[in-house]
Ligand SMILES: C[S@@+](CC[C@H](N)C(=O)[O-])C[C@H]1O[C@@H](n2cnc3c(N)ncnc32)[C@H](O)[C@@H]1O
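Only one chain comes next, encoded as structure tokens, the form predicted alone.
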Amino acid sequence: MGAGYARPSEAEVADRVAAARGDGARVRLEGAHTLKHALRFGADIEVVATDDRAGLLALLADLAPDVVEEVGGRVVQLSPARWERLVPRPLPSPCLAVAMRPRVAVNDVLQAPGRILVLDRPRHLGNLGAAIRVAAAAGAGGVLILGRADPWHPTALRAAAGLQFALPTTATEVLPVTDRPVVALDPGGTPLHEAPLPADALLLVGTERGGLDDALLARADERRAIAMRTGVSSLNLATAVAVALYADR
């Protein structure tokens, strides 16, 4: 983080954290786990705020000693009043940070090696983030979100533990034309366990309630299904993603 770094004042840090929610060039990171992964995967961190500097540094030293030296000099303790204005609800750990939002184009995702996870119109930012976390852990090449859900929203970042920084991730309104094989996760498809997914597949996953859009299903080169006990209708989004991405590992 550079020897010449000049730590901003408490007021400046609080202002930057507050402004990050409405700034399309920056993202707000909530919790030590989110900050930890952001740092490990190259995030450009501007400021880190807490109401318990000693406690946060001790937590990071325990969970991620590899990042403590890099971030320690940037952690600024806020007064209780300023912290309460920034944090209307409890956080998993006393940490707020601001990072530059990576500039990721749809083609950046499509050109990444490995399987690409495509989430169709996810409704719940927590589930969206959890699915990104699974994709990163499973070694997926990238994640595309179809629709208006923002994968860089603080809630999605928290649920993904900041692993948006580990693989190219962005949102788009429509699935672009691609030479990759398109595989739809669909109850009427061939069971996943019968054959591995193509190594460069675009894996389309819909919502738990509605499944995939008909137009997306029509784009699929093949349909694959998760075998489930009779009477069980669906799985949580992140669970379905985990089953699909780990089916042949």
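Don't overthink the numbering: it's just position in the shown sequence, from 1. For clarity, every value in this text was computed on a predicted model and none was experimentally measured.
This protein has a second form, the form predicted together with this ligand, left out of what is shown; the following refers to that one.
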Listed residue that, although this ligand is not shown, lies within 4.5 Å of it in the predicted complex (heavy atoms), from 47, 182, 212, 59: 212
Does residue 216 reach this ligand in the predicted complex if we count a contact as any heavy atom within 4.5 Å? no
When the contact criterion is heavy atoms within 4.5 Å, does residue 31 count as touching this ligand in the predicted complex? no
Does residue 38 reach this ligand in the predicted complex, with heavy atoms at most 4.5 Å apart? no
Using 4.5 Å between non-hydrogen atoms, is residue 19 touching this ligand in the predicted complex? no
Go through 50 to 58, 66 to 74, 183 to 191, 22 to 30 and give me the stretch that gets within 4.5 Å of this ligand in the predicted complex, heavy atoms only. 183 to 191
Even though this ligand is not shown here, does it sit in the predicted complex so that 133, 141 and 170 each have a heavy atom within 4.5 Å? no
In the predicted complex: members of 190 to 205 within 4.5 Å of this ligand, any heavy atom: 204, 205
